[in-house]
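Only one chain is given next, in C-alpha cells, and it is the form predicted on its own.
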C-alpha cells in the first residue's frame, strides 16, 4: 500500500486536500479535507438580521446569488412574507442566470480541459479534444467566454451587478422591469440559446430535453458524431468508461427550485432505495465528530454551533458531516433531474447510478431545461405590477431558507432574538458531497466515490481522481464558510 496527498487542486474553487491509500493501482480509502476555516457563522452572530443579505453573499464570488436567495428566503420565512408574482419571476431569473453560467463554466473551463492532458495522447479523440478544450488556449474558450459575458448582462438588468447584488430581498427584488427591458432580456436569452444550440448541443434545446432514455441519447449522439460538445463528451465518456467511475451512495436530495405561482420548476424530494421518497427536512443533522469543530452529537442546523477546535482528536477537516436521517446524501444537478423525474436521467441512473458521466449529462440537460423556463418567466413578467412586498423583520423569530445552487442543495437556518442574529447555520452543497466521516466512521459521498479509482504507475495526481472530484464541481469556500 502507498499513500498520496493531493492538493491544492487547480480549476477548483477554494482549497481542497485529498488523502488516498492506494493498493494494486486502485484507491482503497480516501479522506477529504477542507483545509481553510473562515468563520462567517460567527461573524453573523449579534448582527442586525438584515445584514445577512450583505454578509452571506461574500461567502463566495461564484455562487453569491445562491447565498443571497437563501438568506432572503430565511428572512422571509422569519417575517412570514410572500413575494408577489413579479418578485418570484425576477428572483428565479437572477438565480437561474448564475446557475447556468456556473454549469457552462464547469463544463468548458473546469471539467473538459482534463481530457486535453498528454496522458490521453494515444486516444482517437485526443487531437480534436486538445484543440477544442486545452486550458486557456483551446478554441472553445474563445466562444464560451463572450457568450457567458453577454448572458450575464441579464444579471446587470435585474440585479444591478454580480457578484454581491443587494437587489434580492425577503419580499422580492428591488429592481422592477419595464416593458422595453423585457425585450432586452428576451434578446439576451435568445443569443444564449443560439450559442448552446450551435456549440454545446448542435441541436435545438427541445431535442435534447425530449431525449427520454439512455438508448435515445446514444442514438442521438450516433446520428451526427462530433456535432456539438455534448457529443464530444459522450464519445470520451464511453471510451474511458466514465459511467463506471465515481459512484457514491446513490442517495440523492433536492430542496426543489424556482417557485412560481404555487408550483416549482423542479420538485423536492429524496431518492433512496431506487425510488423517490418524501423529504423530511427535520431529519437533517450535522455530525462534527471528524471536524475541527466543538461538539460531539449530531445536531439539526437550527440548533447547531460552529465553533472551531483546531486541536480536536481524530478530526481531519473544517467541514462538518451533514446527514439526512443518518445517511450520506449526494446533491447537485443529477439529484435535481432525477428527483424531478426527467426520464433520461432516471434511465441513466437505473443503468449505472450516480457517476462522472451522468453528473455531467445532468448539468447540460439542466442548461437546456432552465433556459427554456427562463424564456417563459420573462414573458410572464407584468411591468407596472409590484416586484417586492415590503416587510419588517420581527425581533423574535426563526427562519429557514432552502435553495438549489448549481452545485446542489443550500440551506440557511436563522434564529433572531431581541432583534439580533442569535444563531446562523449554513449547509452548502459541497458540505454534503465533501463531508468527512461521521461518528459511525461512514465516509462522505466523495470519499466513497473515490474508492476504486485507477492510479496509473507514476501518477502523483491521478487523472481519474481529478475527473471524480471535478464531476461534483466543489466549492470549498462555501463548504467552510
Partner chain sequence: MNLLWLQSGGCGGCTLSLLGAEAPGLFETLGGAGIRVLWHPSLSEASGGEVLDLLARVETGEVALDLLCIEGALLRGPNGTGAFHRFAGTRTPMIDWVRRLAARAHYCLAIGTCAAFGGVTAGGSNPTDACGLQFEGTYRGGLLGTDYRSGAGLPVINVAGCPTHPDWVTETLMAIALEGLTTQDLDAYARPRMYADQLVHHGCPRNEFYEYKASARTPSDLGCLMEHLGCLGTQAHADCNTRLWNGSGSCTRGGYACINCTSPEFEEPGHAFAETPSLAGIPIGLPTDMPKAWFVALSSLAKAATPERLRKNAVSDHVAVPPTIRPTKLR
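Numbering follows the first chain given and starts at 1. Please read all numbers here as calculations on a predicted model, not as lab measurements.
Missing here is the form predicted together with the partner chain; even so, the following discussion is about that form.
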All of 107, 300 and 317 with a heavy atom within 4.5 Å of the partner chain in the model of the complex: no
Taking the partner chain as it sits in the model of the complex, is residue 175 near enough to touch it, meaning that at least one heavy atom pair lies within 4.5 angstroms? yes
Examine residue 467 and determine whether its closest non-hydrogen atom to the partner chain in the model of the complex is within 4.5 angstroms. no
Tell me, yes or no, whether residue 15 is in contact with the partner chain in the model of the complex, where a contact means a heavy atom of each within 4.5 Å. yes
Contact flag, residue 118 vs the partner chain in the model of the complex, heavy atom cut 4.5 Å: yes
Since the chain is shown here on its own, which stretch among 357-365, 110-118, 241-249, 217-225 would lie within 4.5 Å of the partner chain in the model of the complex, judged by heavy atoms? 110-118
Of 85, 353, 204, 308, which one comes within 4.5 Å of the partner chain in the model of the complex, counting heavy atoms only? 308
In the model of the complex, the residue from 166, 373, 380, 191 with a non-hydrogen atom within 4.5 Å of the partner chain is 166
If you look in the model of the complex, which residues in 20-46 sit within 4.5 Å of the partner chain (heavy atoms)? 35, 36, 37, 38, 39, 40, 42, 43
